[in-house]
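This document starts with two versions of one protein chain, written out as structure tokens and named structure 1 and structure 2.
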Structure 1
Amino acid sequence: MGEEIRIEIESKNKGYPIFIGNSTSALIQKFIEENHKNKKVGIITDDNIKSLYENTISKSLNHLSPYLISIPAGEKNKTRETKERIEDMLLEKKYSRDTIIIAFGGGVIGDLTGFVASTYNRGISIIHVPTTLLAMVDSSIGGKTGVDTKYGKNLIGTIHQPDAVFIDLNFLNSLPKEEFLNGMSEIIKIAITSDKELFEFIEKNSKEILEKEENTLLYIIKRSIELKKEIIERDEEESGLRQTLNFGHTFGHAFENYSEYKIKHGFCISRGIAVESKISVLTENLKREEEKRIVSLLDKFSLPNKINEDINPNKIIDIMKVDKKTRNQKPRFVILKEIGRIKTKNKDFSFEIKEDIIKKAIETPK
């Protein structure tokens, strides 16, 4: 790939650039020196990818004397307790408002570090350097931050826009297949709800995508970001259109909680895509043939879309009732009209669904 691609996110409060390229460490260094000169630099990562940082961007940033904080990896560590521990470490080192934090890692690191940045000294700057496909196309963009509780995922958090996002495609070369597929679920999701052409491109180019062919990957990543950009610019505070991004997530987040976060986010979302596509069929919005195409595409990427027979639908629905998208303790769902188009009514982009339909969608063999 030649020169990096730059996509500008416009925001009422703060716009920021997204850089897509290969070996972006020099770009990160230049951005900090031009925009955050003389600021202290903190880097937050996890124990699994600490060595990746040390082998990639560390040399470019060494002269800035960054303070590296590494936490245990995994969703189970995305908690208020971990946030407090990071804050105490920064305070002990006398980091103040003249600080910029780099979130180097996947979605857990991005969400957690963003939350720290949003409240530390009442708000400091943050740069995202996502190292997984999931974080590149989803969690690093849009400013959502948060931690999990025993009651559900991301129930405590803020919206805090970054100063920049640096997407380095080289990180995907060493990404395990399971993590790569974990991210594909989010790309497929946004294609299902927002872009039929992207959906069809993924259908036709699944082999090239799985082989990580660079130009094909670049296209689907860039297009996914462009689609998300359009949505979040029109609805920064998630009061309307941004609900579109929640397709597959009402069930997916509940299933993630149900599994005690032992199943990867993307694999929970792929199940959510299947269940919520079925709900769209059962409510007579989506044609059965379209649902079959969706499930078939999930199959092409070995993304789980069947629900275990021993699952307890009532418990899943109870978890849904404390989801942040719920109103009056009634789960709401994004409903498909067809691939690439969702149902909308009176500026509503999600809808209350009767519990018997939810149960049927969960229990129906796919």
Structure 2
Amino acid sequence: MGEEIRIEIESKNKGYPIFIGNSTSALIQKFIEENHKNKKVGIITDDNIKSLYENTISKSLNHLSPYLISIPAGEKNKTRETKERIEDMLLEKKYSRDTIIIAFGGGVIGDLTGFVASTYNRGISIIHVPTTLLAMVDSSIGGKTGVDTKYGKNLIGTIHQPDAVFIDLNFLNSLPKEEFLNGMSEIIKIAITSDKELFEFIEKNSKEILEKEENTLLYIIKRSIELKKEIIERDEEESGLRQTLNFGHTFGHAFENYSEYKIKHGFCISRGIAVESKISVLTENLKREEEKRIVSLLDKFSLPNKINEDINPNKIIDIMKVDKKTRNQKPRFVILKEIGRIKTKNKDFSFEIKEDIIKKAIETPK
């Protein structure tokens, strides 16, 4: 691949470019030199990524003399305490408002670093360099930041748009398979709700995707970002459209909580996709054949879509009722009409579903 791809996120408040390529370090350097001249540069990463890419960073970004801060890897470190530690390290070195931070890592680093950037000196610039598939197509785009607490995930955070996002497909080569599949779940989700063509492309090219064939990956990543872009941009006018992104997440988030966060997000979402497709069938919106196609696509990527019999549906439903996206304690679901199209009614993009239907969808074998 030669030229990099540039996608512009437009927003009333602050737009930003997303670059996709396979050697983006020169671009990052150029972007910072042009737009953030003379700023100090801090890079926040985790220990795994540091040990894999420390040499690459010091070679490619040496002109910027970055200060590299690394934290232990894993969701359990996405906390207020870690945020404070990073802040103290920056303060100790007298990093001022004239600082640009690079979030170099997966979703954990992106969310945490975004939160640091949004409050440090009342807000400094950040660029995202996502290194997991999930972060490339989902968490690095849209400006959500946050940390977890014992009360739940992402309950404390801000919206802080980055100055740019740089996606380098090379990072996927070192990504463990499980993490790769974790990201595929969000790609499949957005295809199901918004783009039948992308869904069919993934169906036909599953082998190439699993082999990380470059042009195939490039296409699905680019397309997923374009779809998310459309949704978040249109959401500025049509409030609520963003809920489309929540397909599979009402059940998925509850299941994540039920499993005490021991199961990765993407593997909870894949179960959520199966349950919420079933709800779409039971409410006579989606054809059974389409549901079968969805489940077999999840199977192709070994994404779990069965709910074990020993799972207590009532408990999961109780968790759904207190989710922050519920209205009046009633869980709401994005409903599919067909692959690539969701149900909308009077500007509503999610719907209350009767408890017996939710329960049946959880219990019915797929």
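Residues are numbered by position in structure 1's sequence, first residue being 1. For clarity, a rigid core is taken as the largest C-alpha set superposing within 1.5 Å between two forms. For clarity, every value in this text was computed on a predicted model and none was experimentally measured.
**Q** Please state whether structure 1 or structure 2 is the form predicted together with adenosine-5'-diphosphate (ADP).
**A** The form predicted together with adenosine-5'-diphosphate (ADP) is shown as structure 2.
**Q** Once both forms sit on the same rigid core, is the C-alpha displacement of Ile57 at or above 2 Å between structure 1 and structure 2?
**A** After core superposition, the displacement of the Ile57 C-alpha between structure 1 and structure 2 reaches the 2 Å mark, so yes.
**Q** Superpose the two forms on their rigid core, then report whether the C-alpha of Pro176 is displaced by 2 angstroms or more between structure 1 and structure 2.
**A** Comparing forms between structure 1 and structure 2, the Pro176 CA shifts below 2 Å.
**Q** Is it true that Pro331 shifts between structure 1 and structure 2 by 2 Å or more at the Cα, once the core is aligned?
**A** Moves: no, less than 2 Å.
**Q** What is the C-alpha shift for Tyr151 between structure 1 and structure 2, rigid core superposed, to one decimal in Å?
**A** A shift of 4.1 Å.
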